[in-house]
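Single chain ahead, written as structure tokens, the form predicted on its own.
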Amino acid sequence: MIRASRKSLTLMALAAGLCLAGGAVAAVNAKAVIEAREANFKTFGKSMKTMNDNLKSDSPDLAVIASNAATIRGLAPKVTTWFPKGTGPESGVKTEARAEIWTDGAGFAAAARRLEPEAAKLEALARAGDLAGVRAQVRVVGGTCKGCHDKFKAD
């Protein structure tokens, strides 16, 4: 299972606190929010890599795959909350987030929310032991991530 480091948990807590601070955009510590956001996406990436590596092995471990699928499913509904106003390129902090996240908020939210049901399907298939279904759904989840990255993430 992928576990967040103490530093990334602290950054995520700080970012969440800042986001909940009554919408005071000026109070947002862009650097902390961006670092927390990046830590979350690294967790996504590690989980996807672990699942893909496992699926390439001669005997995939469905418990490991299910655990990583649960990580992705748990984070998926939170993606849109990781981009408060003031944490884009205009912040002056290095970020791969494109301005389109904020200029096309509805489009970004729709793209990000597509991950939620696909991640839930992946976790259900893994928990059910459906290896063929998992193989297919990992590709769907990856494609969903790519769809958002293509428009909203800088290279």
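The first residue of the shown sequence is 1; numbering continues from there. In this text, all values refer to a predicted model and were calculated from it rather than measured experimentally.
The discussion below concerns the form predicted together with a small molecule, not included here.
**Student:** Contact with the small molecule in the model of the complex for residue 145, defined as at least one heavy atom pair within 4.5 Å: yes or no?
**Tutor:** Residue 145: contacts the small molecule in the model of the complex.
**Student:** Given that the partner is absent here, does residue 38 sit within 4.5 Å of the small molecule in the model of the complex, heavy atoms only?
**Tutor:** Residue 38 belongs to the contact set for the small molecule.
**Student:** Taking heavy atoms only, is residue 101 within 4.5 angstroms of the small molecule in the model of the complex?
**Tutor:** Yes - in the model of the complex, heavy atoms of residue 101 and the small molecule come within 4.5 Å of each other.
**Student:** Does the small molecule come within 4.5 Å of any heavy atom of residue 129 in the model of the complex?
**Tutor:** Answer no; every heavy atom of residue 129 is more than 4.5 Å from the small molecule in the model of the complex.
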